[in-house]
Each structure stands twice: as C-alpha cells, then as structure tokens.
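In the block that follows, a single chain appears as structure tokens, in the form predicted on its own.
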C-alpha cells in the first residue's frame, strides 16, 4: 500500500501543480479584475451576447456529438465485425487522421468547402448547381470540421463495448428466429450502450472547448465559447470576464462529466 501511495503521490502533485494551481489563479482573477466582486459573473450570466454564444455552443456540441457517435458506430461495426480486408482498411481510416494536425484538417476542409473549393466545382461540373453554395463561414462547416476530428476518438470506447458482446447471446437470438435487424436493435445495440455513453461523454467534452476548427471554418460567424474567451483576452481587454467565463465553463463541464460518468457506471454494471 505504501509503495502504491509513493507511486501515486508524485502524479497527484504534478496534476495539482499543472491544473489546480492555474485554475485557482483564474478563479482569483475572475473575482478581482477589474474590481473585486461578482460583476464579472453577473456579466457572463446576464449579457445577451454571451448567452447566445453559450446556447450556440451547447447546440452545436450536441449536434456534433450525435453526428460523430453515429458515424463512429458504423465505422466501428466495420472494424470489429467486418471481413479481414474491411477491418484493415477501416483501421487505416481510423489511425491516419491521428497523424494529421487539427490545423491541417481545418485548412483542408476550408479548401474543400469554399466557394471555389473542390466540392462546389464538382457539383457545378455535374450540373447539379448553377452557382457556388456557401458552405463555409457558417455552422454547417463547423459541424463538419469538428465531427471529422472527433469521430476517431468515439471509435475506441465503442470498439471496446462491441468486442465485449457475448456472441452466444446473438447466436441464441438468431436461433430463436429473430431477423438480423431485430437482433441488432433489440440485442446488439443495448449491449453496446455503455460504449455509446462513453463515446458521447468523450466527444461532448472535447467539442465544448474547441477553438481552431470553429474559428477557421466559422469565419467569425459562428463564435463558440472558446473563441469568445480568446477575444476577451487578446482583442477586448476583459480578463476578469474571460476568467469568469472559463470558471463557468469548467464547472459546467465538471457537472456534465459527473452526471454522465454516473450514468456510464450504471450502464457498465
């Protein structure tokens, strides 16, 4: 037991120095800049612009989570239950994106979706559209870019859940005359619910703090919380308000994590 504590204590000390102390400093700043008090929190919770950004962030993060987890579920099915060749190709499609930086991916989607990008040119050459469609500087581009980045992260908890499914249960359901679709909806899908919850938790937490992809693909038209905090720090000198927004965001994410982890623990049992 003492040996275990000796191994854990340095890690806890490192985490405390790396995360807890800076967070306490941000909390102090949120109550003291520009004047002591809670005016910064009052501004965050009552300002119409800030509230609209908060609700836009929550709405887009929910959409991104649904899209990412749904696409990841299909990809994981191919990876876990496909033929050997399909598994190999799927695994390459999952792993290769990890070698590409988030900035490179965002610029790639920017060149793909812009008015003079490849997608608009293909649609025009096929005669499907007469003029370019605005697919950047809006929420659509933000959802596409964020989902593309987060799908691989959702694959791994789903793969763990799918690999833990007892094949005997599926065989029994098939032997009792259930169709493949019924076996999937009533047996396989509920047995992988813990993986869906884990993937949802991971993707939502990642998406709520995204900055680079929304800033580039949104073009300032779909500002999210992280970009608003950046503006308050580097463009508009309101460090106290930015710190208050950071604290509110941290507390909200912590609360969501707690609720989802409780639900995940119940489902895992």
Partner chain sequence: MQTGMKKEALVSDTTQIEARSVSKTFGKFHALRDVSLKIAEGEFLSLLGPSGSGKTTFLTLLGGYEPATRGQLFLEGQDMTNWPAKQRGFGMVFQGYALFPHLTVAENIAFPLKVQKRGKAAIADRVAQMVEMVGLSGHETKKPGALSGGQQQRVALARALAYEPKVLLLDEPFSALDKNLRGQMQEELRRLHRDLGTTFVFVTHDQEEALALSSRIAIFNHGELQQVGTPDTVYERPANRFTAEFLGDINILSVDDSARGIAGTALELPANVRSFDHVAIRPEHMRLADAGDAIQLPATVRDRVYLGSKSRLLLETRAGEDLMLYLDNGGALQAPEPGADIRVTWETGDSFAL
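Positions refer to the first chain, counted from 1. Fair warning: this is a prediction, and the values are worked out from it, not measured in the lab.
Unshown form predicted together with the partner chain; subsequent notes refer to it.
Colleague: Report whether the minimum heavy atom distance between residue 78 and the partner chain in the model of the complex is within 4.5 Å.
Modeller: Judged by the heavy-atom cut-off of 4.5 Å, residue 78 is well away from the partner chain in the model of the complex.
Colleague: Even though the partner chain is not shown here, does residue 190 get within 4.5 Å of it in the model of the complex, heavy atoms only?
Modeller: Answer yes; at least one heavy atom of residue 190 falls within 4.5 Å of the partner chain in the model of the complex.
Colleague: Does the 4.5 Å heavy atom contact test between residue 173 and the partner chain in the model of the complex come out positive?
Modeller: Close contact exists here: in the model of the complex, residue 173 approaches the partner chain to within 4.5 Å, heavy atoms only.
Colleague: Taking the partner chain as it sits in the model of the complex, is residue 133 in contact with it (heavy atom to heavy atom, 4.5 Å or less)?
Modeller: Heavy-atom contact with the partner chain at 4.5 Å: absent for residue 133.
Colleague: Scan 115, 138, 179, 104 and let me know which has any heavy atom within 4.5 Å of the partner chain in the model of the complex.
Modeller: Checking each option against the partner chain in the model of the complex, the one that comes within 4.5 Å is 179.
Colleague: Pick from 94 to 102, 141 to 149, 121 to 129, 179 to 187: which stretch has non-hydrogen atoms within 4.5 Å of the partner chain in the model of the complex?
Modeller: Contact-bearing stretch, as computed: 179 to 187.
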